[in-house]
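Only one chain is shown below, in structure tokens, and it's the form predicted alone.
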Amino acid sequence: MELFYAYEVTGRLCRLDADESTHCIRVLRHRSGEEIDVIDGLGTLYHCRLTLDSPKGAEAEILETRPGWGSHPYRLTIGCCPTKNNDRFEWFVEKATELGVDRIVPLIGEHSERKVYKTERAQRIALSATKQSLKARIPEIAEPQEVKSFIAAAPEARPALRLIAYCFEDPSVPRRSICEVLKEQADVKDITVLIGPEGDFSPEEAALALEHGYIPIHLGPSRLRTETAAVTAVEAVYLWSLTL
């Protein structure tokens, strides 16, 4: 199944940008009158008929609308510190999108080796992975934030499950597996998971997370790289949702 992304949907018409139009018209050789499937990036699939086969700006008439196409029954935010090797973080963005994530927030922590992160390439990777995995909603790639600012900004009133993967050495702060916590919180569909940098969160960042209602979790007995831990958290939520 071929999917194209429409940067604009107005009335009964979808418009593709130059990149999507070139792929549709020049690479795949679609022509006016042929039917194609288009996503709006917000969760809706449109079955369309091409009306303008220009590689600079193709247009298609909407024949059928399918809202919520390829969606999942939860809203997942992953706050993850970008890795020193940028390719590893981009791998995480791709795999998380394929599994199902709604928002990825690059976090800059006190122990982060990468203090600057530009989101443009990650946004393109998320678009490609969205189409490849047959989804209609592109996850938001937020602008980088400091860990403490992100934790403090979380709305307290909204029912949500907030989790932090951190190696608490204090025995009075027990950690449970993410699977166990998810099983107990089946009614909460708004989930946030924090994953630290290569040097982990600082004790002060972890303590602040606890003050704001984050539950300490672990992802199993293995020591995981940052990007592996982040993907594991996304997959745990994905597999948990299949049991609901």
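Quick note: we count residues from 1 along the sequence shown, nothing fancier. Here the structure is a predicted model, which is why all the values come from computation and not from measurement.
The discussion below concerns the form predicted together with a further copy of the same chain, not included here.
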Decide if the three candidate residues Arg103, Arg175 and Ala209 all line a further copy of the same chain in the model of the complex, where lining means a heavy atom within 4.5 Å.
-> no
Counting only heavy atoms and a 4.5 Å cutoff, which of 105 to 113, 164 to 172, 126 to 134, 144 to 152 contacts a further copy of the same chain in the model of the complex?
-> 126 to 134
So in the model of the complex, does Tyr117 come within 4.5 Å of a further copy of the same chain, heavy atom to heavy atom?
-> no
Indicate whether a further copy of the same chain has at least one heavy atom within 4.5 Å of a heavy atom of Ile215 in the model of the complex.
-> no
Does at least one non-hydrogen atom of Gly11 fall within 4.5 angstroms of a further copy of the same chain in the model of the complex?
-> no
Answer for Ala160 alone: is it within 4.5 Å of a further copy of the same chain in the model of the complex, judged on heavy atom distances?
-> no
Scan 230 to 244 and note down the residues that get a heavy atom within 4.5 Å of a further copy of the same chain in the model of the complex; none is a fine answer too.
-> Val231, Thr232, Glu235, Ala236, Tyr238, Leu239, Leu242, Thr243
